[in-house]
Ligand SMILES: C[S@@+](CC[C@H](N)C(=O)[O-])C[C@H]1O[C@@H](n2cnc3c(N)ncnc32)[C@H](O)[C@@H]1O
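Before any questions on how it binds or moves, here is one chain, the form predicted on its own, in structure tokens.
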Amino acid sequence: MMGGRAARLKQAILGGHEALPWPPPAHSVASEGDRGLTTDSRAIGRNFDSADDVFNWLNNAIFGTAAINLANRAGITARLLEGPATLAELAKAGALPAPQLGRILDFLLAHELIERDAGGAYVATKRTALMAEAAGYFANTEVSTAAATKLLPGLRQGVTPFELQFGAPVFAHFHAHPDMAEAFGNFMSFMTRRIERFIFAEHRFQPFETVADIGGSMGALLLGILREYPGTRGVLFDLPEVVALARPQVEASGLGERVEIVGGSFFESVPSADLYTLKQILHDWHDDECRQILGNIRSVMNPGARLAVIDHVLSDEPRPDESISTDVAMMVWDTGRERKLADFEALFAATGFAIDRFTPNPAGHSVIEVVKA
């Protein structure tokens, strides 16, 4: 169990089609092929058919990440998104030596992340734009990689690899290093945008008047829901110091009149609402802590209210999808974990909930919508 201050800090930083009924009929579950996705091709083992495959996979991953981070941080990506640029112009924009930058650009060209026009100038593409959108994620991989080097000693010593690498638990370390916290926050914003695309395309919420995003951080998901569902109102709930930072963004969104901003801790109490969203929250906590969060929500839900838990769901048989790699990431970063659907069912049953709808997402976070049992 975490101490109060660490738990509050942790809460602060983390924070289309009709969904499937639960239990879903076998014929109604959208397959990965239907969604244009296959997890088989993601299996790392596919790169172990030859020594060349192993080398190229890992070499590209390590040094490709470094090249993309350099382009993003030096402003090269942003400059290209403004329009075509020569090597000299990019070197000036990034305050970088032209010969070495030219080699970085050659790498990005070779891997089809940028292009050249007929005059030899470098040109941005849709993939370049994604480099910029995912900048927080790429930056965060450096922290993840450093922490992951301590996985073996961390498990043997009973200390999280992150704490072993950086000298403090993750959120305490972020509190002392705002630059790292900001990079992680940018990564989480990127993840929120990915989740929104899935939710709005695949999981339509039943009619509601008020939605409360519990642990909603800067309000990205809540604002997205309000845009998607006109005429509704929202409650942004997070720690007081977090919602204070979120207020200017909420007001600038043009939706401020539809949002109530409430500060507090979900370990103590939460506001009343018709729909609750709990995005990437439960995977950060032990089962007993999850039961406390769920119990606090249940105790104040309006009649007929629903709770949408948005999290990874592990498959019953191990598959090379996003959830299983994130489960290892949780082991590296902190004491949380990803769960199978049966694990979620047990949490819900213990707190008086039952699954009503389940929308699986083989590409990332699924949606489990629950009601009072």
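Quantities reported herein were computed from a predicted structural model and do not represent experimental measurements. Residue positions are given as counts along the sequence shown, with the first one as 1.
Beyond what is shown, the protein has a form predicted in complex with the named molecule; the following relates to that form.
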Checklist entry - G234: heavy atom within 4.5 Å of the named molecule in the model of the complex? => result no
Checklist entry - If you check in the model of the complex, is Y229 within 4.5 Å of the named molecule, heavy atoms only? => result no
Checklist entry - With a 4.5 Å heavy atom cut-off, would you call G264 a contact of the named molecule in the model of the complex? => result yes
Checklist entry - Would F162 count as touching the named molecule in the model of the complex under a 4.5 Å heavy atom rule? => result no
Item to check | Among 137 to 145, 215 to 223, 198 to 206, 89 to 97, the region lying within 4.5 Å of the named molecule in the model of the complex by heavy atom distance | outcome: 215 to 223
Checklist outcome for this item: Exactly one of V211, M131, A124, I281 comes within 4.5 Å of the named molecule in the model of the complex through a heavy atom, and that residue is I281
Checklist entry - Considering the named molecule in the model of the complex, which of L294, M188, I114, I104 comes within 4.5 Å of it through any heavy atom? => result M188
Next on the checklist: When the named molecule is placed as it is in the model of the complex, are L314, F358 and E369 each within 4.5 Å of it, taking any non-hydrogen atom of the residue?
Outcome noted: no
Next on the checklist: Using a 4.5 Å heavy atom cutoff, which residues in 226 to 246 contact the named molecule in the model of the complex? It's fine if the answer is none.
Outcome noted: F237, D238, L239, V242
